[in-house]
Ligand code: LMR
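The chain below stands alone and is given in structure tokens; this is the form predicted on its own.
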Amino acid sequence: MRLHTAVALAAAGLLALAGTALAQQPIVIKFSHVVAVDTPKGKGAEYFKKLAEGRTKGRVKVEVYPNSSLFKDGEEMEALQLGSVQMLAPSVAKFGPLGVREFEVFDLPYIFDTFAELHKVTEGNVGKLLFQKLESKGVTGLAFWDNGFKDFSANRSIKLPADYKGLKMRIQSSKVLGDEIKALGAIPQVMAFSEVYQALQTGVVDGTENPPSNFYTQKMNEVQKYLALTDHGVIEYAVIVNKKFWDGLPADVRTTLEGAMKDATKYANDIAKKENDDALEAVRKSGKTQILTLSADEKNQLKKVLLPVHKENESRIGKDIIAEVYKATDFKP
């Protein structure tokens, strides 16, 4: 009997130890994104990791996978919905294929002139409304992160609308962006971000649109002769999580992570402008890409061609959402 008792006690002790070990296993958040570490989004993701792990005292472990190392553009949204990854920060252009086309309001050309105008939308009622629309897709929106204002690049000088005629221009998967490129007389080419450098290098596409930080960190200055400072649109990211995973977190952990995300968002947005300014200077110093500064008249000619894209996409995005953005930013169409 004593032997049986000793064995039973030993087994119980082992089970208790195993239970304790399991209880101490950290909650893993796989955070996948498609850009380089040294971009505003890349740095924001690393800062969130640092805050989340520190403030939860190791209860949460954030694994960041940059540069499409875990999932590519076209794969990551499905992976999030399936729970293969817990957190993403996709460009808002990616939500159209998910069936939430209202996010494509951010793709409309020349709808924002400054970061301050952009934040009136992302931090106001429009931002909240857009995130509510993700819930039915099994996705929870946590924050909007800035990248910056986009510029067009190509292997020929592109200052006037006529200069774009016939160029094959890479875009993200967004009908609005497709309409933007067509309005310029160019040919839109949807392509994963990770494939753009090679496509530019081999001539599969002639040009693209990016904020300077993405242009420089992806070494596009090595394969593009001209970068026109058009500031014609924004690349905005939404940090999102798998809803089931997020709702299933212990309440205190979720609250701590919300605080970490709030601070990481401020950090990412504060550095976005400087990162792009620094990247543009690095492109200039490389001497490989000629930077084209547009005159007020040249920019107005671009605006005149591109602004009708707003009206064309009213039925797709929603007239009400576009009107809300106009109201928030005092935009006069």
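Quick note: we count residues from 1 along the sequence shown, nothing fancier. These numbers come from a predicted model, not from an experiment.
Although not depicted, the form predicted together with (2S)-2-hydroxybutanedioic acid (LMR) is the subject of the following passage.
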Heavy atoms, 4.5 Å, (2S)-2-hydroxybutanedioic acid (LMR) in the predicted complex: which of 106-114, 242-250, 210-218, 155-163 makes the cut? Say which one. 210-218
According to a 4.5 angstroms non-hydrogen atom cut-off, is residue 91 in contact with (2S)-2-hydroxybutanedioic acid (LMR) in the predicted complex? yes
Can any non-hydrogen atom of residue 256 be found within 4.5 angstroms of (2S)-2-hydroxybutanedioic acid (LMR) in the predicted complex? no
Looking in the predicted complex, any heavy atom of residue 35 within 4.5 Å of (2S)-2-hydroxybutanedioic acid (LMR)? yes
4.5 Å heavy atom contact, residue 144 to (2S)-2-hydroxybutanedioic acid (LMR) in the predicted complex: no
Name the residue from 101, 170, 232, 175 that puts a heavy atom within 4.5 Å of (2S)-2-hydroxybutanedioic acid (LMR) in the predicted complex. 170
Note: exactly one of 73, 151, 179, 206 sits with a heavy atom within 4.5 Å of (2S)-2-hydroxybutanedioic acid (LMR) in the predicted complex, namely 73
Note that (2S)-2-hydroxybutanedioic acid (LMR) is not shown here; using its position in the predicted complex, name the residues of 177-201 with a heavy atom within 4.5 Å of it, in sequence order. 193
